[in-house]
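Below you will find one chain, with nothing else, as structure tokens; this is the form predicted on its own, and questions on how it binds or moves follow later.
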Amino acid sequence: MRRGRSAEGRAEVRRDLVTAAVDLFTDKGYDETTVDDIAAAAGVGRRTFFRYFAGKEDAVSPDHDLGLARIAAVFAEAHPTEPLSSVVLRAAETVFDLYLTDVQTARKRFALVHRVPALRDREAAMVHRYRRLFTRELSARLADVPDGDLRAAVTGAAVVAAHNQALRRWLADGATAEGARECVTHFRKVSGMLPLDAPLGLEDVTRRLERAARNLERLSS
């Protein structure tokens, strides 16, 4: 059976393509590397490459779609009584796993993004997607809070900025296992800076409980 016919196989093919792209960009150069080069190094064909990535600049990125899905899942499944700042931190921390699963590739990717403008642009676009997701999720939960939209926008921007700052700091310091723990600790410092401490009214608590009930009904159906 071909690798791409199972979830595990597709994940393996994707990892092989990312590793091949990062290694080739590092050794051969970004402009000098073609999609065919990456596909051949990963042991697949050109058509298979395009099932996973739109272009070679996408092949060097972590699986950001997975990261975005993890964040959305944390918000959707959070208990209605959990403090919002806790939900935000938990959601953001799931993205660290995209880098911790293959530290060597993460280090090479970090160096490449600094050197290649096309890769920097790609990462900037992804930062915007993360910020927009956090802002949207928070806006829904702060709809009845004074200045809720402003709080959501500020929190979304702050969380993503703190996450990126902690991650870059860890990668620049060598991306060690000990440093990974410090990376998370450093990121969590943003908690006290977030404008999420407005007291919840009865209507807001009721709304959260109703949303949780709807989520449970959807999961059980």
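None of these values were measured; they are calculated from a predicted model. Just count from 1 along the sequence shown to find any residue number.
Omitted from view is the form predicted in complex with a further copy of the same chain, to which the following refers.
Annotated contacts: 151, 154 and 186 all touch a further copy of the same chain in the model of the complex [non-hydrogen atom within 4.5 angstroms]. Proximity to a further copy of the same chain in the model of the complex, taken as heavy atoms within 4.5 Å, picks out 157-165 from the listed stretches 157-165, 64-72, 41-49, 28-36.
Although the partner is absent here, residue 179 lies well away from a further copy of the same chain in the model of the complex, with no heavy atom inside 4.5 Å. For the chain shown alone, residue 144 is not a contact residue for a further copy of the same chain in the model of the complex, no non-hydrogen atom being within 4.5 angstroms. Within 4.5 Å of some heavy atom of a further copy of the same chain in the model of the complex lies at least one heavy atom of residue 190. a further copy of the same chain is not drawn, but in the model of the complex it has a heavy atom within 4.5 Å of residue 121.
When a further copy of the same chain is considered in the model of the complex, only one residue from 90, 115, 132, 107 comes within 4.5 Å through any heavy atom, namely 132.
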